[in-house]
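Single chain ahead, written as structure tokens, the form predicted alone.
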């Protein structure tokens, strides 16, 4: 477990660099990320490289005993390149270019930009690949941020047509798969097909689904261009910093190209931007939702095949939320220790010093613009003290429960939610929250994984469930819980011939006859106290499971398989999760509000996101292990407790 920081030497006088580096080292930091937005300083005019300043910056950090993560600067192509090649700009749904003056203003499909990317990455790697202090490389920055996965530019349009031709072979096969006979949408050739954007009303869902797949593939191919260029020069390990609450591309495919997957954790900023109601946002305004960070730690641990970290950890108020409160005392330390408990090998803070100019001048850092230490700096020492007493070697524990997460499934629900309140990200987190409220360790798994190591597998919703995936779940021997809309579509975005839940009918003799989406505050006539957002009406050859607990015709079970035909309110979902966990032989713990546990090896971490200062004392009475001596800092002591046998 290493601690690091993001730093921009080009923002500060060179006379300050050595002072900054010495303070970083004294604070206990060991890795410094630099360079990911510095293209205009590296290459101020076409073909004219200025390396001296970057040489000195890296050597200064190395001289203080710090390692460097060097970012490729492709997220911010400079003005001279835009003026020379305006066709590299990404375009909106109407094909209008998005202009220079911010960041991420390029199209992944631009062949010109791909060549420029290969050139600048080769130059950077040629200069620093063998520098002993540069031990990690970051490709680009936050792929897709600011709604930039999709681009309706000419290069993307041509690439999409070629992608479709490669997938379907003949235009007749595409017409059949999509069902283009509807609304006279049949095509004579692949060259006739445009991106499904800016249409009068809803574009064809199968067309939109393939566009989403294509756009994700373009991003992945662009990252592969970078990783192949860097590896060809012999660089050290490669990473990329993905985001939270972001499902516009397949992160699992990206992770296959990386040595380490890192993500950018901003619990307070994302709380404000997400779906939670005002009461929840008020309760957790200064801590973040108890499951936001944990879910993403578990997700990106799987994306990284076990190796993950946090490249940007929020240290104070951000500048981009609807509201931007300061973290409660002890929370920066809690977020850091929670990442460690989930298996992170790096937590890096954003940023070293608050910048006094430009777009991010309202974003806090570890230091204020005048070099005085900000509040978060003091919490790093608390983290170091806790880690000193723990085994920090890599942890490969398998959790008790697996949650299956799939990006294509998210896209299907986003394309046709059938109701404004059906948010697939919210649904996935609802199941995860219910598990964590019961003190259960969770692994996120992907399609194609095996499930033999788990006692319980939760599938929040997998609309295009296949027979092969169902067979793997059967072979696991685990208790399996399927959420609503599972098996409701084919891979071509059509309703299965046998109706939903499609292949699942082989193990559960049920059929979804009709569905309804529910306005907030309007319950379903059946199970009105427990159902929100979504309800399915099911005919079955078996009796529904526990109507006394969940209401009539909501939960169906046969053998090890349970199907939930509704979106349950949190309290009811927690009861169902507890019921299935009991069938799996697990022993849930009913935790106080806002408290979460995470087991790492023989150590149990308890984290208190809630307002009750005594909540961790209640947890201690339910655990078999004694607590280690608590941190001397009272704010951290009320937030974190560590138990070991």
Ligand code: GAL
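All values derive from a computational prediction rather than experimental measurement. Residue numbers count along the first chain shown, from 1.
Keep in mind the form predicted in complex with this ligand is missing from the figure; the text below concerns it.
Chemist: Name the residue from 454, 211, 252, 266 that puts a heavy atom within 4.5 Å of this ligand in the model of the complex.
Modeler: When this ligand is considered in the model of the complex, the option within 4.5 Å is 266.
Chemist: Considering non-hydrogen atoms and a 4.5 Å limit, which listed residue (217, 194, 142, 186) is close to this ligand in the model of the complex?
Modeler: So the residue touching this ligand in the model of the complex, by this definition, is 142.
Chemist: For the spot marked by 173, 204 and 493, is every residue within 4.5 Å of this ligand in the model of the complex through some heavy atom?
Modeler: No, the candidate spot makes no contact with this ligand.
Chemist: Please pick out the stretch from 480 to 488, 176 to 184, 356 to 364, 461 to 469 that is in contact with this ligand in the model of the complex, where contact means heavy atoms within 4.5 Å.
Modeler: Stretch 356 to 364 is the one.
Chemist: Considering only heavy atoms, tell me if residue 80 and this ligand come within 4.5 Å of each other in the model of the complex.
Modeler: Output for residue 80 is no: heavy atoms all beyond 4.5 Å of this ligand.
Chemist: Is residue 37 close enough to this ligand in the model of the complex to count, meaning some heavy atom within 4.5 Å?
Modeler: Because a heavy atom of residue 37 falls inside 4.5 Å of this ligand in the model of the complex, the answer is yes.
Chemist: With the partner left out of view, is residue 320 within 4.5 angstroms of this ligand in the model of the complex by any non-hydrogen atom?
Modeler: The answer is yes: residue 320 has a heavy atom within 4.5 Å of this ligand.
Chemist: Give a yes or no for residue 223: in the model of the complex, does one of its heavy atoms lie within 4.5 Å of a heavy atom belonging to this ligand?
Modeler: Although this ligand is absent here, residue 223 would stay clear of it in the model of the complex, with no heavy atoms inside 4.5 Å.
Chemist: Is any part of 235 to 256 within 4.5 angstroms of this ligand in the model of the complex by a non-hydrogen atom, and which residues would that be?
Modeler: Going through 235 to 256 in order - heavy atoms within 4.5 Å of this ligand in the model of the complex - there is one hit, 241.
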